[in-house]
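So this first bit is one chain, no partners, the form predicted on its own, shown in structure tokens.
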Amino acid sequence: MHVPDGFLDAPTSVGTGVVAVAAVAVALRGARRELDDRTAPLAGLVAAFVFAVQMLNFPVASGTSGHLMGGALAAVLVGPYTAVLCTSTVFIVQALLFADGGITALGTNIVLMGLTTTLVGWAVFRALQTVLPKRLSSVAPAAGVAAFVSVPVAALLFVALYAIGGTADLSLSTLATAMVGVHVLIGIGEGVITALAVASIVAVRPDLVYGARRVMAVRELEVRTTGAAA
């Protein structure tokens, strides 16, 4: 979904750039509440993992390939604010050093693949946590579903941005059908990768997974209550 230079007009690109800068500024302040001495190193590892996996593409259909976006994964592992910082760093490096996504479209790519996937993924994840059993085994499936949902939503936002300031001669309905159809398939891959990655970390160090903190707190409360009753 990396948007190239010139695909959206200047006003739209400037607008998404302003949104991206504002989001990063808010994330810088919010990340202070999410990270501590134990979890701060994980943020760097998450950014490196997302960067590395985004360089790997998997086939989707009809010669189309997809790659991990990583917003939902990062949000579950290190928190939504820190996730925005991690993904934004990845997209900046990709644009400046690897020409993956246009320089003038950098704000657009951060908004689509970083901000949107993070916020949607985290919102879906938290909603699932309210209805699923308060167990560590529920964290990875919830993260997988959240990641799956976040991808087509980001694709729909791209279609909306194109409707506002698209410069290419494409039918809006054709673009929407193609984008959503392909990104639903990409979302399946995103969900599987996210669920496996979260499950592997939860299995060995659940205390480092931001999205597992509420579950860990409930378990600790139950243990203390049981001990007090005894």
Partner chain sequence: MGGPHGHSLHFHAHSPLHRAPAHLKILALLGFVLVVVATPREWYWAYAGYLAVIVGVVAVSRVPVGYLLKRMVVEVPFVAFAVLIPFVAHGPRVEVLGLSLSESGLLSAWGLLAKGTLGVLASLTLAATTEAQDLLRGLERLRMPDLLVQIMGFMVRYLEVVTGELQRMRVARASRGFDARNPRHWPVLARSAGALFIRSYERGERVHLAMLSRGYTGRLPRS
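Numbering follows the first chain given and starts at 1. Between two forms, the rigid core is defined as the largest C-alpha subset superposing within 1.5 Å. Computed from a predicted model, the values in this text were never measured in an experiment.
Unshown form predicted in complex with its partner chain; subsequent notes refer to it.
In the predicted bound form, none of the heavy atoms of T116 sits within 4.5 Å of a heavy atom of its partner chain. Of the heavy atoms in L132, none are within 4.5 Å of its partner chain in the predicted bound form. Although the partner is absent here, V124 is not a contact residue: none of its heavy atoms lies within 4.5 angstroms of its partner chain in the predicted bound form. With a 4.5 Å cutoff on heavy atoms, L156 does not count as touching its partner chain in the predicted bound form; it lies far away. The three residues F7, V24 and L96 all sit with a heavy atom within 4.5 Å of its partner chain in the predicted bound form. Put simply, of I164, V184, A40, A176 only one has a heavy atom within 4.5 Å of its partner chain in the predicted bound form, and it is A40.
Contacts to its partner chain in the predicted bound form (heavy atom within 4.5 Å) from stretch 23 to 50: V24, L28, R32, L35, D37, R38, T39, A40, P41, L42, A43, G44, L45, V46, A47, A48, F49.
The Cα shift for A99 between this form and the one not shown, taken after rigid core superposition, is 2 angstroms or larger. In the predicted bound form, the Cα atoms of R29 and D36 sit 3 Å or more nearer to each other than they do here. Cα-Cα spacing of A40 to G191 is enlarged in the predicted bound form versus the present form (difference of at least 3 Å).
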